[in-house]
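Listed next as structure tokens is one chain, alone, in the form predicted on its own.
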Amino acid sequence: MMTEELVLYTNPLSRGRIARWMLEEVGVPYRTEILGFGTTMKADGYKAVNPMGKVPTIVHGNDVVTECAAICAYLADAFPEAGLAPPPAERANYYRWLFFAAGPVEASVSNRALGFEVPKDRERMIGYGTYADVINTLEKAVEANPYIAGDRFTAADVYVGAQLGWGMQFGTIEKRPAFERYFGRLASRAAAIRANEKDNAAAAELQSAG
């Protein structure tokens, strides 16, 4: 598996930055295909890979993985030598917070950014309940340990950290001290810095070409 080609389909102004960061943490060679919104991203060729016509997608040999949380988990398992997943017997918090970010955090933050508030008599009908409950729960989680699943950095930190960093940058998540401390630890990692540099360079190229 490790010798098969690894391809990242992305756009530097998208959630593809999460997959890029994870790939840099894994530290294996990969090829990047930059797609345009509404153009190559919606073309038949790419939709044969990802019918949603969205990024990111990774292709690893014959395996196709979409959705950022799934990409993080897949890469951690595909390249265990990177040490980005806890041993199976120690994955409770790893799975819990990885999918908490993929479910309640993603949904509640997106809805709030779009101006949608769950009616108070309908909170039981939606998986995350309220935005306030989600953010308060996430704050307690990042305060409990140096990293989201405990004392060591894992793929879950890539996904949770990216959600927090992006949200605080664009104002969809408030800049609580606990969030800033946690994300500061992650953003200073060499892989995170490399990923940002590569995506920023790709974004500059797109801007100059457009």
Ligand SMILES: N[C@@H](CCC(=O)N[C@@H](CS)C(=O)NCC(=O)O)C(=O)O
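Since this is a predicted model, take the numbers as computed values, not measurements. Numbering starts at 1 and follows the sequence shown.
Quick note: we don't show the form predicted together with this ligand, though the next part is all about it.
- request: Note which of 42, 185, 176, 152 lies within 4.5 Å of this ligand in the model of the complex, where distance is taken over heavy atoms; exactly one does.
  value: The option sitting close enough to the partner is 42.
- prompt: Should residue 54 be counted as a contact of this ligand in the model of the complex, where contact means heavy atoms within 4.5 Å?
  reply: Residue 54 belongs to the contact set for this ligand.
- prompt: Is the gap between residue 33 and this ligand in the model of the complex 4.5 Å or less for some heavy atom pair?
  reply: Looking in the model of the complex, residue contacts with this ligand do not include residue 33, since no heavy atom lies within 4.5 Å.
message: How about residue 68 - does it come within 4.5 Å of this ligand in the model of the complex, if we only consider non-hydrogen atoms?
response: The answer is yes: residue 68 has a heavy atom within 4.5 Å of this ligand.
query: According to a 4.5 angstroms non-hydrogen atom cut-off, is residue 196 in contact with this ligand in the model of the complex?
result: No.
task: Report the stretch among 138-146, 22-30, 167-175, 46-54 that approaches this ligand in the model of the complex to within 4.5 Å, counting heavy atoms only.
output: In short, 46-54.
task: Counting only non-hydrogen atoms and a 4.5 Å cut-off, give the residues of 10-47 close to this ligand in the model of the complex.
output: Heavy-atom contacts to this ligand in the model of the complex: 14, 15, 37, 41, 42.
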